[in-house]
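Before any questions on how it binds or moves, here is one chain, the form predicted alone, in structure tokens.
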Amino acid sequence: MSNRDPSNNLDTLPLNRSAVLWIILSQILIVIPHSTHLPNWAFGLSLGLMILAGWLRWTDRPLPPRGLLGVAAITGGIACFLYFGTLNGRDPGVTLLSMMLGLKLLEMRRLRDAMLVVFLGYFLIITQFLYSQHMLLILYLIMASLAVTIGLISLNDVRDSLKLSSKAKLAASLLLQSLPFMLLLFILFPRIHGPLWGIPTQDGQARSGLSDSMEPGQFSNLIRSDEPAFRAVFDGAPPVEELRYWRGPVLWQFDGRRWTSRPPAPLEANGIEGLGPIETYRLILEPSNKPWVLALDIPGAAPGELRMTGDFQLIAAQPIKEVTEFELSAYTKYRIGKELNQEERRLGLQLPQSTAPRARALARSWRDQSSNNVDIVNKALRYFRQQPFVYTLSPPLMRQDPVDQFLFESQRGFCEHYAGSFVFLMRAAGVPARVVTGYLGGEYNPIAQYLLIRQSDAHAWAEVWLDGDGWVRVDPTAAVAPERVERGIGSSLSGSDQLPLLLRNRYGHSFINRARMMWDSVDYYWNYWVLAFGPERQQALMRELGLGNLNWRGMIITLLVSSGLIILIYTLVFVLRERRPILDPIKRQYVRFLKKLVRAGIMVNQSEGPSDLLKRLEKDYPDIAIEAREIIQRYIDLRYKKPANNMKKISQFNVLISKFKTKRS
């Protein structure tokens, strides 16, 4: 015969109805953020199953049979496999887990099932970090963790004796107690290069708007995004706005509509000649899933983890998949590419046959009328200034011959139209030229003192090769809209182009703009101290803390020792707290009443009973005894007689003590 206590069996313990409903609500809160990356059908199914489980519990209806749930689970697994082509990896794993959690809620009959759901909920919270570590999401997930913990406490409160506020206070206390361990793990857990979660994704799409190609309409769509692209912190004052060109992919090949880059070429010796002081700065890049490092034009040198191509673009060894920091330098005055090799000359003059005949004719006329290439460049810029060109976010579609249609018909376009057509004209006139894409400008944040470059700062310009000068930057957009270069995108668009609200406020001095800068400062510090906390910064922090250059073994040992000390401190605190007498609510309020008497100068003897105290007050302090009599009498009734409707009388007793004031106090 077994001596096992059946009350400890997770299969037989009853489920608290309010606890079950709270657990279902917490799981709904957890799955909601996954709506941005789960397939719509999978998110809808998961959420629908959770809502159905809550409705069945609320109305006390029977749960579906296990056989039906088993069939649904198999069907969901097959649907997930057919959609992703696999069950391995981040996206299919999270999708399957979300659906299975919804099904589990529909078979939650025993405490064992409920405990499993709670811990699955904690795990589903962790999976959110596989997609984003944004600060607002972190705050939301903390609240979700609090909700799940309240559900866990409710499961153990079988008699449902605790109020929701008491459960929330206890859950918050438990989370706060875990905070020191979280900080230790963050600081001391050995860091690796690259994202901590090395789980493959199925999309592989870039998060940055830039690509290694350009066609009409690409930048005008990107310009409407207010998302940060990167930030730059300069050692001194940042360069003036017209020198803030951030170099990205360089485009050489043109098929009549689309510009594309060439394979990365090696940097030739002595390819860069600085003509002025060098700028030093820190670049904090947002994840882009591309290897491009958007450096200030022209990079002074390539740090050890980067390489510079023959197009003077900095490239990382791996795509940027997390917030990454680089220490860089740059020349804003320079001479590059003084010697043009045969391959670059061929690419710099390449044009598709039978395209843009009118543009070719115009370029040839400039060639015939000019004595040198500089004169041709000036004629092209003069053409853009004198003709009725319009800088706009909403250019018309040009389906047939984009270059001729833009130059001679619509004359309405964005930076990619001006840069692409200018390079075409230069090549048609025999001047080697190429398109450079990247960003222009940046907004200075005076609070945290950095330049913020957003996707809306994306830009395209041109470079022409001139004898004796090498590659020279020419921005044809400046000929049409000089405000774009000098003051940013918001001051250069026509009145019909409506920017999003945040972008419009960006160029004013409104309260909204200042609040936005304050929030971006918080986001910057979050990125700098948390998301960009890599191996180098971890080692630097170890040295600042006096721990030297710890290897991973040293960090693990330090982590274990520190965790042990925290556990020891917690143990001592709990032991000392348990030794203190715990007063019941009635006694605690009565002690509060006695303290008020002491503050009034009335001596209170700890061994004196309430009846004796009342007699002494009536004899020595009759004015105080009038109000104290009701308090003491109610205390005697609550403490010794246990009247009916106890909670109501306790509440009235508390109110009396709160209002009690002595004339001497």
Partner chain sequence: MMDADTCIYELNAIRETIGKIIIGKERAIRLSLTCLLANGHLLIEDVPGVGKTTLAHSLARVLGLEYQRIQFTSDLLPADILGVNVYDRETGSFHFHPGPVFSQLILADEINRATPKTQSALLEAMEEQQVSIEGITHVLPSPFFVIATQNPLEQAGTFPLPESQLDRFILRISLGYPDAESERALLLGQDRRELLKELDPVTSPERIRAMQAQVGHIQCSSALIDYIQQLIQWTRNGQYQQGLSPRAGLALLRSGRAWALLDGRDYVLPEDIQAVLPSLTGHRLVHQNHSVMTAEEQAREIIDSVPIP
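Rigid core: the largest C-alpha set superposing within 1.5 Å between the two forms. The structure displayed is predicted, hence computed values, not measured ones. Positions refer to the first chain, counted from 1.
Omitted from view is the form predicted together with the partner chain, to which the following refers.
In the predicted bound form, at least one heavy atom of Gly609 sits within 4.5 Å of the partner chain. Shown alone here, Asn605 lies within 4.5 Å of the partner chain in the predicted bound form, counting heavy atoms only. Although the partner is absent here, Leu597 is not a contact residue: none of its heavy atoms lies within 4.5 angstroms of the partner chain in the predicted bound form. The partner chain is not drawn, but in the predicted bound form it has a heavy atom within 4.5 Å of Lys587. The chain is drawn here without the partner chain; in the predicted bound form, the stretch among 25-33, 619-627, 633-641, 57-65 whose residues come within 4.5 Å of it by any heavy atom is 633-641.
Core-superposed comparison between the shown form and the other one: CA of Leu29 displaced by less than 2 Å.
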